[in-house]
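Encoded as structure tokens, the following chain is the form predicted alone, with no partner shown.
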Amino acid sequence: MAERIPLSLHVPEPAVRPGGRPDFQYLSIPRAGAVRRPPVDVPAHEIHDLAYSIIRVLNREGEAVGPWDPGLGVEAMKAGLRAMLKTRAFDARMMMAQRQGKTSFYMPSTGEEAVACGFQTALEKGDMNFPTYRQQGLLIAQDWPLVDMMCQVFSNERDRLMGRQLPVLYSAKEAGFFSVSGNLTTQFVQAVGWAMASAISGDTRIAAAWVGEGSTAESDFHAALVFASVYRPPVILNVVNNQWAISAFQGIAGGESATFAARAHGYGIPSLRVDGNDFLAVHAASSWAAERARRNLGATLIEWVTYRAGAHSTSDDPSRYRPKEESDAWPLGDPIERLKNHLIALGAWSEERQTQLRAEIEDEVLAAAREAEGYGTLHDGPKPSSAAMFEGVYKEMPRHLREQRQEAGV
């Protein structure tokens, strides 16, 4: 009888740890413009190859090339550049506020700005995003008031959520921004259900679900894909692959053996894999998926290949699990620099105008921060009334809560 070889368990490990040389050899990047653009009514099985490539528009020379070039006008691109710069400046100001003790917690989106800001350009009023805690760009790209967002982060008297949510878990129904959940992936199922309701009622609005690559390991992700496959609701299923789920690299969630876009194949859902640091590619792929949804062709899953350039949150120190130089070595570059370079190549922008715009935005963000701080911060100034904890749940407050509120004297 042949001797049996002892079994062993495979535990994925990142290619490099702190002190090592950054290594992105696992990421195969095609040249810009090389990936085909199929018609929006293409059957899912005919575009399986697109889940294993990366849709790119901007090349290294700053030119927009290939079939996915959306042909965006200069003013639209300038608006996108401004939205990304404002998102980054907002993040920097709120990170500083946390270090100063003005809020307890913050989560930046540094390096990922093109995903949210570019995606929002494909939506219409009435559509609904079901975001995670790193899609603040969806609001900022709509020129949502920064003061409103900051008041939520500070949990002050102007906090529209009255202190009930962790900082950065925004909610703005008017902006098509569903309340962010701190529980991972719950919003994926909710987005599919919302889209089903839109279809059932004969509406024209579509939904967009958001998760990070690590959250695709949650059961809610697969439950959402089952319903999206069976009922074909008008929903875009976004997976933001920023390479790291806190300290767990993307291989732990299954990215070592297949792409996250490929997870849609088993459900018969069309999927794309897109350069998330290319604003034009983000706009083009988002518009393609939105058109499918509006034409009643069902769901599309998009994997956005990007990189979390900063810490996961103010509670995280990425230097403990990845090389400090890794963000600089990311092969898809900085989304702001890439769009800026494209505008310069067109003769519609300059380094001087970039510097001026950045300064204007930083002044705008600083002014908003000062106004928001005037309404209170974590430790100073007015807070939401403690009576708010009894409100907003029941249409008619039950007796036991009325009694508790009376006992509390609020």
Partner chain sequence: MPRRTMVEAIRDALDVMMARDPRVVVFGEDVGYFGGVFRCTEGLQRKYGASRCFDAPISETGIIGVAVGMGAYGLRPVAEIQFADYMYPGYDQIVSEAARLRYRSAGEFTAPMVVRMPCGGGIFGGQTHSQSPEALFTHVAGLKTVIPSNPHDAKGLLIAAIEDDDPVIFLEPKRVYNGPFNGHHDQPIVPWARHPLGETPDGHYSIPLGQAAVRREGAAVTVLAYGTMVHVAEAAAEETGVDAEIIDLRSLVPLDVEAIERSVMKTGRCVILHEATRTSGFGAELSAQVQERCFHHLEAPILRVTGWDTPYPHAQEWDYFPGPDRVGRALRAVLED
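Keep in mind that this is a model prediction, so the values were computed, not measured. Numbering follows the first chain given and starts at 1.
There is another form of the same protein, the form predicted in complex with its partner chain; it is not shown, and what comes next is about it.
- Item | Three-residue site 162, 166 and 400 fully in contact with its partner chain in the model of the complex at 4.5 Å by heavy atom | Heavy-atom distance to its partner chain in the model of the complex: all three under 4.5 Å.
- How about residue 331: is it within 4.5 Å of its partner chain in the model of the complex, going by heavy atoms? Contact check for residue 331: no, nothing within 4.5 Å of its partner chain in the model of the complex.
- Message: Given that its partner chain is not shown alongside this chain, does residue 320 nevertheless sit within 4.5 Å of it in the model of the complex, heavy atom to heavy atom?
- Response: Yes.
- Message: If we define contact as a non-hydrogen atom of the residue within 4.5 angstroms of the partner, is residue 389 a contact of its partner chain in the model of the complex?
- Response: Because a heavy atom of residue 389 falls inside 4.5 Å of its partner chain in the model of the complex, the answer is yes.
- Item | Non-hydrogen atom contact residue 379 with its partner chain in the model of the complex at 4.5 angstroms | Looking in the model of the complex, residue contacts with its partner chain include residue 379, since a heavy atom lies within 4.5 Å.
- Task: Would you mind picking the one in 252, 79, 223, 147 that has a heavy atom within 4.5 Å of its partner chain in the model of the complex?
- Result: None of the other options qualify; the answer is 252.
- Query: Which residue, 243, 215, 132, 98, has a heavy atom that falls within 4.5 Å of its partner chain in the model of the complex?
  - Reply: Comparing distances to its partner chain in the model of the complex, the residue within 4.5 Å is 215.
- Query: Of these, 272-280, 166-174, 112-120, 225-233, which stretch puts a heavy atom within 4.5 angstroms of its partner chain in the model of the complex?
  - Reply: Correct option: 166-174.
- Item | Residues of 143-158 having any heavy atom within 4.5 Å of its partner chain in the model of the complex, listed in sequence order | Read in sequence order, the lone residue that approaches its partner chain (within 4.5 Å, in the model of the complex) is 155.
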